[in-house]
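One chain comes next, on its own, written as structure tokens: the form predicted alone.
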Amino acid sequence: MKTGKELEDMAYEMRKDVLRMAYHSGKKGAHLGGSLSAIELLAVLYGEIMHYNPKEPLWEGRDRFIMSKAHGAMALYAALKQAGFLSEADIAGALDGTSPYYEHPQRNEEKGIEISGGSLGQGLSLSVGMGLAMQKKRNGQSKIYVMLGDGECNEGAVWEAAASAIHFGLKQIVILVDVNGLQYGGPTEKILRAGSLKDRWSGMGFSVLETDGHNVRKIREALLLQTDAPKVILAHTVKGKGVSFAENRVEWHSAFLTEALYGQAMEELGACRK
């Protein structure tokens, strides 16, 4: 088991890699805010919780991770580097226009990318299909971790898939909702008021936990807690976490880093680790 400090150090390296990828994307920009909000969640998953083997990426007994909020791809790439699937060269070239590591992930199981993403609301449906396939194969050990955005929960397909997960008793599915309060068009509650996400998920039959999505110890506790029903973790996060000019700023859902802003962001991250 990694210490909390080790997981925090992993998250720090991932944030630096996300900033590098965003900077190298140039003026076309990148989805910085929603990648930075997901860092600690992915650090705990890939640093401690999930079972995988980068030397045997198609191992049937592996856990699967589905980035349904596909605009968080940079955070996924940073986690896959830490896990040994991607190299330093992969990260250095990501999003530069020539790399296979795009702004939204493209399926590449050899590199740990289980699905292609882009259109929101699809990841949980795919996870239900995976879960049903695991039942047919009598694979009772593998888990499927799915990351949704709170804005993504506006999609009706999410709730159809959620109903299916409960109906078929797919306890191997663990849903993490990155609740950062912002989406492309503005605050989630102003775009489409959702009410209580906790009540919505629990009303469908899920075991619902709420946690600080930037506290690695609390995230670990939530992921390890055994529940009787399929589990949803509502992780309360800050969009753009770790970069002062991007935190809680809707314009950093997708934007580009100038050289000066990139330098400022890296300096701020370094100051936080001293």
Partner chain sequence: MQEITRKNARIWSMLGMRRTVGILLKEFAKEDRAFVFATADMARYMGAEDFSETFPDQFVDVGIAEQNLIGVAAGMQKEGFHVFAGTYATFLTARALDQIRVSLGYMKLGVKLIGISGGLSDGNFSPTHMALEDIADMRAIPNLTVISPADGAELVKAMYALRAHPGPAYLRLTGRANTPVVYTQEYDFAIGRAVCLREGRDVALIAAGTMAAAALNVAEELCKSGISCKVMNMHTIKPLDEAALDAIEEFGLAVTMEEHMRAGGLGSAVAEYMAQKEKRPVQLMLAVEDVYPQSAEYEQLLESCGLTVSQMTERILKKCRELGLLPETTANCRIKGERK
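Positions refer to the first chain, counted from 1. In this text the structure is predicted, and so the values were computed from the model without any measurement.
Beyond the structure shown, there is the form predicted together with its partner chain, which is absent from this document and is the topic of what follows.
Taking non-hydrogen atoms only, A133 approaches its partner chain to within 4.5 angstroms in the predicted complex. The closest non-hydrogen atom of R220 lies beyond 4.5 Å of its partner chain in the predicted complex. None of the heavy atoms of E110 is located within 4.5 Å of its partner chain in the predicted complex. The shortest heavy atom separation between G129 and its partner chain in the predicted complex is within 4.5 Å. Residue I115 is the only one of I115, V179, L86, V174 with a heavy atom lying within 4.5 Å of its partner chain in the predicted complex. Figure note: of the listed segments 220-228, 41-49, 240-248, 61-69, the one touching its partner chain in the predicted complex, with heavy atoms no more than 4.5 Å away, is 61-69.
In the predicted complex, the residues of 136-163 lying within 4.5 Å of its partner chain by at least one heavy atom are, in order, K136, K137, R138, A157, E160, A161.
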